[in-house]
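Only one chain is given next, in structure tokens, and it is the form predicted on its own.
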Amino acid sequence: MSDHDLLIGGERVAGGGSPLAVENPFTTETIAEVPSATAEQLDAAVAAAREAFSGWSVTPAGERCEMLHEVARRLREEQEALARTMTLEGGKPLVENRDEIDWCAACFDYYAEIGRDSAGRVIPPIESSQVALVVKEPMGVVGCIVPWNYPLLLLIWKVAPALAAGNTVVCKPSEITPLSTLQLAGCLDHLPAGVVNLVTGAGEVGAAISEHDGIDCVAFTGSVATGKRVASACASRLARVNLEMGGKDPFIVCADMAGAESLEIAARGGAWAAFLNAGQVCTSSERFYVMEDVYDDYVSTFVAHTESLVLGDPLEVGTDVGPMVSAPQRQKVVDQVEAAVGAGAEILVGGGDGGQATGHFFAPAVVTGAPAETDLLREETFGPVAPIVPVKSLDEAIALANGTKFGLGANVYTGDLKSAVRCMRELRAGTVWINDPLTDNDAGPFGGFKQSGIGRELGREGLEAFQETKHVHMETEIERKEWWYPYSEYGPTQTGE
């Protein structure tokens, strides 16, 4: 048995397909080769999940709860090992990956509890002799397809509620970061065989999951283009789908933040929201709209803070920003920034490799003067770049914030209650953070408007995303109803006689 084996039906199995080279984005060296799942192995994983579903779906919720709490306990025990693996394969600083494991464990604990809190509701019946229920039941087998930027957290946001609802799962990590997901198998081996299955592969395996008749629901996080293909494949067979796709999140700074302390906090919060995980976060702040009254001071404060950030080995204490995950990801960012500069934008700080000898580094950049029509202000960047734009009013800021095809998240800094309420009501985004960027809450639903997604993760909505709704109507009096055939027995006709 190898740490790189698949998990199918409770057994570790060597992948039989083409090997996937896993690169350390800091050293650029290949650290592992992980065989992909073959078509036959994917079929076996789906079959194992379907077989396990019959038992798992009827396991009492309290028993499922205890097993999910056990996953959370094991995650905390394996925190350092899992975090180190994620750092080696993804380049995110170790401190951020430790946090990711904490969040994963908390998510399992959360769904362990709400999964046994309710199985539906009682509704008023039509007649006093009747009972009417709304019952929530599991869907069946859920296919979970996740990206590389938060390989475990974005998986657990799907797996924990799916299992809590009584479903079984077949999971595929990104081909860029499969190691931590396969390592997760040890935290799951107390679950009944087949409840969780882990397969590896590139896009063709994800496509096969989306198209597989044995998969009842697909939960996907990734790009808009891939999400549309997943949605199309699921629509063709009427499978359920839950999509979390791209973002181009705005960050609004209001004029009332003029005080030095407020401005410093808003600048530091903005830098963290833009540069966390080298900007490779679906809710990264990628467009800053700052009121003219505070624009100059905000930009200078933001630049000064950006210059203080430490780039380097993501395993070392004190590193703020690690490398980007791959050369192609970095090149996409370079292309966007260069195009904006060619259209008249200016890089105030950052860009380049930050003086690093190896690794896919892009030094956190602050850009001003980018024309509104450039991709830097229209399309997802997914890199450590903060384009800052002056605006004359909150009206203008909200209009610009809502002016793209995306609507995942939005951030606002203001001490004015009226402005905060306006932003809360008018910003077209799935999450609006006011004075506290990018903070997630297991009890708060997460997802996007417009092309940022369909459905929600987390919260009670995240549980219901993996449940079917059944209406049960029960009559306790076994008797003939007066409105049945023959209609001739209804009595006098309503003709006015």
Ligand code: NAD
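For every residue, the number given is its place in the sequence shown, counted from 1. Since the structure is predicted, the reported quantities are computational estimates derived from the model, not experimental observations.
What comes next is about the form predicted together with this ligand, which does not appear here.
Fill in: Output flag, S285, E338 and E379 jointly within 4.5 Å of this ligand in the model of the complex, heavy atom basis
No, the whole trio is out of contact, none within 4.5 Å by any heavy atom.
Item to complete: Taking 4.5 Å between heavy atoms as the contact cutoff, choose which of I252, V391, L184, L408 touches this ligand in the model of the complex.
Response: Comparing distances to this ligand in the model of the complex, the residue within 4.5 Å is L408.
Worksheet item: What is the one choice in T404, S210, T414, T85 with a heavy atom within 4.5 Å of this ligand in the model of the complex?
Response: Partner contact (heavy atom, 4.5 Å) among the options: S210.
Discussion item. Given a 4.5 Å cut-off on heavy atoms, tell me which of 75-83, 228-236, 300-308, 94-102 is the interface stretch with this ligand in the model of the complex.
Written reply: In the other structure, the partner sits against 228-236.
Item to complete: Classify E244 as contacting or not contacting this ligand in the model of the complex by the rule of any non-hydrogen atom within 4.5 angstroms, answering yes or no.
Response: Yes.
Worksheet item: So in the model of the complex, does any heavy atom of P173 sit within 4.5 Å of this ligand?
Response: Close contact exists here: in the model of the complex, P173 approaches this ligand to within 4.5 Å, heavy atoms only.
Fill in: 4.5 Å heavy atom contact, F446 and this ligand in the model of the complex
Residue-level check for F446: yes, a contact with this ligand.
Worksheet item: Even though this ligand is not shown here, does Y111 get within 4.5 Å of it in the model of the complex, heavy atoms only?
Response: No.
Worksheet item: Taking this ligand in the model of the complex, which residues of 202-236 have any heavy atom within 4.5 Å of it?
Response: If the 4.5 Å heavy-atom criterion is applied to this ligand in the model of the complex, 202-236 yields A202, G203, G206, A207, S210, F220, T221, G222, S223, T226, R229, V230.
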